[in-house]
Each structure stands twice: as C-alpha cells, then as structure tokens.
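Only one chain is shown below, in structure tokens, and it's the form predicted alone.
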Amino acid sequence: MDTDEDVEGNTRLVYVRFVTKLDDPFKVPDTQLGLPSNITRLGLSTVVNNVLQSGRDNWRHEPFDFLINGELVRMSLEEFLLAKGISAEKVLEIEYIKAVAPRKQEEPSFHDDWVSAVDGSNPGFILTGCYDALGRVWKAAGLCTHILEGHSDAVTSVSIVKPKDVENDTGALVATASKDKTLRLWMFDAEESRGDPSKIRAYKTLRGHNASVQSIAAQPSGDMVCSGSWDCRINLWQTKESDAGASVSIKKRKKGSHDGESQSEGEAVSTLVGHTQCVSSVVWPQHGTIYSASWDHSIRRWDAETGNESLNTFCGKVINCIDIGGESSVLIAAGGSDPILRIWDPRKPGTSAPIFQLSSHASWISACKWHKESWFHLLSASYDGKIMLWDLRTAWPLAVIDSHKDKVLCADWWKGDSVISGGVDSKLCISSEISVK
C-alpha cells in the first residue's frame, strides 16, 4: 500500500518501532516510524522490506508476519488496537517474523490410485501408501526409489519406524497398514538409488485384526508399533525380525531375496480394548504412552505397559485424525466430521472443552500435524481440497495450500520447511521453502 497517499487522506498516524529475533540481514535499525493507522500486514511487510532494502542492491523481497503483545496481526493496525484495547498514543512495539507460507511448489509425483498415507519424519525420503496396494519411497519430487509389494488391498497408513539401525548397519525400517487386515514390516537401503525403483517384499506380516487396519504408529525407540482398526481394537506389535513366541518362521530369509511371500508372521503382543467404533488414528509420542481417536467420538490416552486408560475425552464428532505436539509436546489436535480443527490441553481440568477451535475449512478434516520444532505451528488437510497452515497466535490460517484438485487424504511436514500431501487426485505434492522459526 502507498503510505504517503494514506497520510494525505488524513489517516491518523501510529508511531511504531520494529523489533525481531531474526539475525542479519533481517534486522532493521531501532528507530520510530509514523505509519497510517489503516495499514495492514501487507503494508507493514512492504515498510520493513523498504527499510531493509536501503543500501542493499541485491535485496530479495521477504514476506513478514507481525506480532503485537505475542498475537499475530490479521487486521489493520487501527482495528487491532481497538479490538485489544491498546492505546495508540504510545510508541507501539511490533515484532516481525518470516511469514509461514510455501515459496515453491515442486512438480507432483504421480501414483496409480488415491494417495492415502504419507510420512515425512525422515529428511532423507518420503514414504507413501496408495489405494493400488503399494507403498512407495520417494527421494525427491518425481524420484521413486523403492516400491513395497505384498498387500492385497489399499494401503491405509504408513510409518517410518527407524530411519536406520546404525548398530547393526541395516537399512531403514518402515511399516504399512492395509484394508487387507494386515500390517507389514519392510527394510531397505534408503541411500540406494537406481534408474528404476527397487521392488521389495516385507520381512514380516503382522496378522491379528479381523477388519481393515486404519492407522499405524511407531514407538519412539522403533522397537514396537501399534495399530488401530475397524475392529475397534488397538494392537501392539514387536518389530524385530524374530520374536520368540510372537512369530512363526516360514522359511529362512535370504539376503536380497524378493521372491515368495513374507518370511515370517507376527502376532500382537497385547491389545487395548475400549473403543466401540473404528479406531481411526493412533499416535505414540512417548515411550509408554499411546493416544487414539475413534469414530465413537472419543480421544483416549493409554499406558502401553498396563493397557489402562488415563484420559478419555468426548469430542461429540467422528474423529479422523489426531496428533500430539505444541506447547511442551502435550497438546492434542484433532479433526473429523466437520470443518473445525480442535485442540485440547490435557493438563487443564475439564479437558472435554477444546482450548482452540480453528474453523476455516469447508469440509471434513482428514489430517493434522504439529511442526516438531514449534509450539505454535500445525497443519490441517481437508476433503475441501486444501491444506492450511496455522499459528495458535491467531484464529486465521497463515497460508492455504491449494495444490490438489480433489479431497486431500493425508499430509505431513518434511525436513522442517516443506509440507507433503496426498489425495484423491493420485498425486504426492510437495510445498517447500516454508519458514517456521
């Protein structure tokens, strides 16, 4: 916006001082500036860029966001000061941060059917699950290095269990869940890259659910995984290649052998019972604690050792997805059969009431993920075809990613500065260069 024209139009001036925690070259001099009170975030960003640009011939315009008293500004300065009861007579301190929005869209990576699951927890590769019954490993956009063959129905959930077992010098360990009622464990060398993708067979098939497996999560140590199913149960499984009493060896595994069926089968070591409908989402954020969400409208927290419940929050809606993160890594984010992303703090009494309700989507929410390095940032994906980036310091989305042409079924962060997503349009999309500080 042109601040000079605003001043000539008799707009009231507000005196501000910009501050930042960003390092050089993003620091402006500590001076007071008189700005028109109707200036918005875009205008503030222009002012800061103009100050930073002076004396720098090669300055690249950087979009910024602005905080006043720890809250993001999402209206004009005048409206914000009125809404918050802040006096415009004193010099206003405004903190600026890099705007959280993707600056680049990678070329989509095409699948043969719906992309139903994605895991970006390893910076070296992306793991996807597809309705064509295959799992895939992607080194980068368009570069598929491994295809995981063996399921007989749609892959519904995927999890990177261990990036690499350094002690035994073995490859990445991942798990997949399917509508075929099984889970499968796979091992491969993530560094390996040929012209054509390598086809891999699972080293273990986990049987025990009697309905479609909807969600899978790995224990932080990688020694176990848990799974939620349409049979209303949560099963816990060992991930080792052979477990006394918990596996049936079919034949000795030959190194590099890809023929025949999986070499061993595993049984669940324990089962968590309590949900009365489909267990749609499981998360295992700490060694002994599992969280689950269900179509029975409840979110539950379990002791993985004893199987006891320590939390049972009633949401009032079918829940499709949950994730644990945010402040002190304890906030529960959940989405389901309405457009509202809800967040609970289980440390507060009366946890049935969410502490935040974020409502900008136009349809059901299919995925939500906290950023691992921020207390404030998370993403949500929806059947409305959009992914939204959120900061708890404002009720409006920071950015809307509109790279899919149909329902988005899954999304995750990758490498800290990218959002990966899959959907009914059969594409894996990567939105990159996102600044989360």
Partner chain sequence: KKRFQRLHLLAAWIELQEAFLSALVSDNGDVMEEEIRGPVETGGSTSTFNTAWISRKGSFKIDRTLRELGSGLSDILGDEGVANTSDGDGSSNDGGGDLSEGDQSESEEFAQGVEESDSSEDEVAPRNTIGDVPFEWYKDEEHIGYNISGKKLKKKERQDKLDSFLASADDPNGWRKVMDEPNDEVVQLTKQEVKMICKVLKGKAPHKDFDPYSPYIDWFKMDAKHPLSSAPEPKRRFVLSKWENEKVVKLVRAIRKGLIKFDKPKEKPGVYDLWGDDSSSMEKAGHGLAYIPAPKPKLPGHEESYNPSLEYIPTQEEINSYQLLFEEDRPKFIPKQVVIHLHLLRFTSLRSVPAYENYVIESFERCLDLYMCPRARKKRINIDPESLKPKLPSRKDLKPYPTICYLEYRGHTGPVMSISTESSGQWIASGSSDGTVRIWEVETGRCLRVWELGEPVRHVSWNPSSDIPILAVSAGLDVFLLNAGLEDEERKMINKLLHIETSMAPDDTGKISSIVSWDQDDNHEGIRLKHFKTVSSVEWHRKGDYFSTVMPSDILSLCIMWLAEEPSDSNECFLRAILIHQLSKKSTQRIPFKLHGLPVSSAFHPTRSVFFVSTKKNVRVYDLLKQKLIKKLETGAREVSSIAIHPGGDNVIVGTREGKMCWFDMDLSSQPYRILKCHSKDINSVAFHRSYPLFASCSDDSTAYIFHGMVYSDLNQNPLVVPLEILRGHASANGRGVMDCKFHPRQPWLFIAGADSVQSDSDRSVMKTISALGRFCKDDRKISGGCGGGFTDVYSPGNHWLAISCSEVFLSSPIVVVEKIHPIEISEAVSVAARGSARVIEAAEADRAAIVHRRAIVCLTLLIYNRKARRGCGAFRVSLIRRLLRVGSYAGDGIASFGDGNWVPLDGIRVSILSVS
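In this text, all values refer to a predicted model and were calculated from it rather than measured experimentally. Numbering follows the first chain given and starts at 1.
Omitted from view is the form predicted in complex with its partner chain, to which the following refers.
Think of it this way: in the predicted bound form, its partner chain has a heavy atom of just one of 188, 203, 356, 364 within 4.5 Å, and the residue is 364. In summary, among the residues 267, 149, 79, 338, the only one with a non-hydrogen atom within 4.5 Å of its partner chain in the predicted bound form is 338. Annotated contacts: 179, 212 and 317 all touch its partner chain in the predicted bound form [non-hydrogen atom within 4.5 angstroms].
Residues of just one listed stretch (271 to 279, 216 to 224, 117 to 125, 325 to 333) have heavy atoms within 4.5 Å of its partner chain in the predicted bound form: 271 to 279. Although the partner is absent here, residue 297 is a contact residue: one of its heavy atoms lies within 4.5 angstroms of its partner chain in the predicted bound form. Interface residue remark: residue 66 is not counted as part of the site for its partner chain in the predicted bound form, having no heavy atom within 4.5 Å. Taking the partner from the other structure, its partner chain in the predicted bound form has no heavy atom within 4.5 Å of any heavy atom of residue 237. The shortest heavy atom separation between residue 409 and its partner chain in the predicted bound form is within 4.5 Å.
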